[in-house]
Ligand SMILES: N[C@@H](CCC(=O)N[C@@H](CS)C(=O)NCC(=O)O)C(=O)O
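Only one chain is shown below, in structure tokens, and it's the form predicted on its own.
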Amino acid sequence: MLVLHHLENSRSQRIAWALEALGVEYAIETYQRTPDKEAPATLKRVHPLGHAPILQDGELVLAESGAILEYLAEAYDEKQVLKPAAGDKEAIVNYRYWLHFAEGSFMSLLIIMMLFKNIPKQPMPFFVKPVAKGISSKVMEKFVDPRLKDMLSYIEDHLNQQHWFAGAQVSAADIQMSFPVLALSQSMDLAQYPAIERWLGQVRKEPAYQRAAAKVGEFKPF
């Protein structure tokens, strides 16, 4: 049986959505975060890096959301609910691009944003705090903010032309993109991006997404 090793409030929520969409039988092993919001050491017993998500299929242990989604699409997606039909070249190109964009470009920038926003909030000598705040502000102003604006405009333009990221049907590209958009929506008003807001509303109405959220929860800010 498939086993999802689920870390609370993490990327593993996406894999629960995919499993629900596929309608396959699976079990959930849930892990609680430490007081520092880190993954517990027990996850390293499953995979050496101790990151979530982790999917176990018999003796096979898979990590990384994109790799897991591609594996599920290849091994269990008989009805093509995760991946567009091979003959639809445009949909396949979009599916593959957004599947990798989510972590390769988008999520990496959001992590940088989170780190530099949190630096001034960390305990430090009072005389260091203005310096830390100044450096963080400059990084946000000169590096993060312009890149985030470009990315959100790019996503908005795409979703103005496509109902879902890969076209007319929901796919693993939407599942992969859901976590960074949900995470960003918790700290930023997306009203100026109506197509992204429309898409996020569609995500929350997806029956498989709702079933997964009922089992593992939806992302919430720390």
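Please read all numbers here as calculations on a predicted model, not as lab measurements. Start at 1 with the first residue shown and count on from there.
Unshown form predicted together with the ligand; subsequent notes refer to it.
Q: Counting only non-hydrogen atoms, which stretch in 61-69, 149-157, 162-170, 181-189 is within 4.5 Å of the ligand in the predicted complex?
A: Result for this chain: 61-69.
Q: With heavy atoms only and a cut-off of 4.5 Å, decide whether Asp57 touches the ligand in the predicted complex.
A: No, Asp57 is distant from the partner.
Q: Val46 versus the ligand, in the predicted complex: is there a non-hydrogen atom within 4.5 Å?
A: Because no heavy atom of Val46 falls inside 4.5 Å of the ligand in the predicted complex, the answer is no.
Q: Check Glu103 for me: does it contact the ligand in the predicted complex (non-hydrogen atoms, 4.5 angstroms)?
A: Contact with the ligand, yes.
Q: In the predicted complex, does Ala52 come within 4.5 Å of the ligand, counting heavy atoms only?
A: Flag for Ala52 set to yes.
Q: At 4.5 angstroms, heavy atoms only, are Arg14, Arg33 and Ala39 all close to the ligand in the predicted complex?
A: Yes: Arg14, Arg33 and Ala39 each sit within 4.5 Å of the ligand in the predicted complex.
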